[in-house]
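What follows is one chain in structure tokens, specifically the form predicted on its own.
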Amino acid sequence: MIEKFQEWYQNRHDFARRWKEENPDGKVVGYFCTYVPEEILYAANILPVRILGGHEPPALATPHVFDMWCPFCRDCLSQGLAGKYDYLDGVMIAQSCLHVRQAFGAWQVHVPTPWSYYLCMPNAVRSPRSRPFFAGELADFKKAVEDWAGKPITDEDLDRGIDILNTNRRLMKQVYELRKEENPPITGTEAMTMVWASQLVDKREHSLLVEELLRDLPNRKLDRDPGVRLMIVGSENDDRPFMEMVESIGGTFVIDDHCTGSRYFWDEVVPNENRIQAIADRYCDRVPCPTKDFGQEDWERKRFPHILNLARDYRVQGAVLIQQKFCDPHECDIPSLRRYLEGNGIPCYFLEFEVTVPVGQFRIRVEAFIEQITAEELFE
């Protein structure tokens, strides 16, 4: 079953093409950022598919996005320019970082896609004005989807979309709960592969497979020493070879904070008679990324305390902080986060990623970090 998630991740385009054949009345929309409200898309029988890079040299993006901008956004655009996403009926973004927004803008101009939408997601989500503002933006988005799809989205449709997403979020949290065990029955690489797959396939199929896996997972015994309990935090991360490498040299990622990991599914939509407001509340209140968690001094900050609580709940012994090269939001975030975690007794190690950098150069550095944690705990 776990291999099926890996198959979905690797063959993401095949799944979407097959889905279109099996759902002739449906559409497929690619999205750049996890602040996109998938509930509304599912309500309209639209399959949302996250646009991810191929971990290939993004040479095709060079004329359209500065080379000094993050390699992830350039890789995503390059995949589109190469025709890898030629099955998309639409493409959209919820306001994210400047680099991803530039990739989306270039996609609109240079990658033939019938429909596109820019959703104005507020940056200062901790502001009390963010919820009513975003609800208004979602009402406009819902109307645009209705006009494009040629049919109304009813409250029953929205309830269905909310249930599809909440069910999947609830199931994935159950999987992550099992990672708290002394010897987790699932590795960090496997767990995050499940999250990657959930962003690429129909959530209903994904949830059925997760339910099946959860029946067997508590009794699964891995023939490996879990070693040092690690947390991984930072920029978008679907770098499976890196995860596998770390978990082969004496560590296990027991928890993560990524938009391709726990941050994606951690919070549910709380039912409300006003469905659009309920969805808006969820995306404003969810665990924020560094582009969102800022504002006036009297606004409650959420990101750092949440990460520390995860580290404590999962008994983390060390944190690996990663940043896509030139990723401005995380580049500004990580120094403060490192001081915050180390000030609370969580040792940290920083790595800067490129989408095509071989993992070998990281091996000796991570080994040294793991050995340092082990040695310090022996002498305590």
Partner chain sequence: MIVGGIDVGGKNVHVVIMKDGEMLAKGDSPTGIQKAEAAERLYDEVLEQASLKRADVERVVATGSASKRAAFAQGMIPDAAADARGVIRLISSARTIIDVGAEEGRAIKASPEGKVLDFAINEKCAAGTGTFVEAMARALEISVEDMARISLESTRSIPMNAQCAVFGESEVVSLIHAKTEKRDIARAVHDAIAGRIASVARIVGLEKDVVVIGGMARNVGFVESLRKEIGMDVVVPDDPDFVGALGAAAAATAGVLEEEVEAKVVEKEKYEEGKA
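Residue numbers count along the first chain shown, from 1. From a predicted model like this one, the values you see are computed outputs, not experimental measurements.
The form predicted together with its partner chain exists for this protein as well; it is not shown, and the discussion that follows is about that form.
With the partner left out here, its partner chain still marks one of 34-42, 341-349, 311-319, 62-70 in the model of the complex; by a 4.5 Å heavy atom cut-off that stretch is 62-70. At least one heavy atom of residue 355 is located within 4.5 Å of its partner chain in the model of the complex. Interface residue remark: residue 74 is counted as part of the site for its partner chain in the model of the complex, having a heavy atom within 4.5 Å. Within 4.5 Å of any heavy atom of its partner chain in the model of the complex lies no heavy atom of residue 27. For residue 50, no non-hydrogen atom is located within 4.5 Å of its partner chain in the model of the complex, even though that partner is not displayed.
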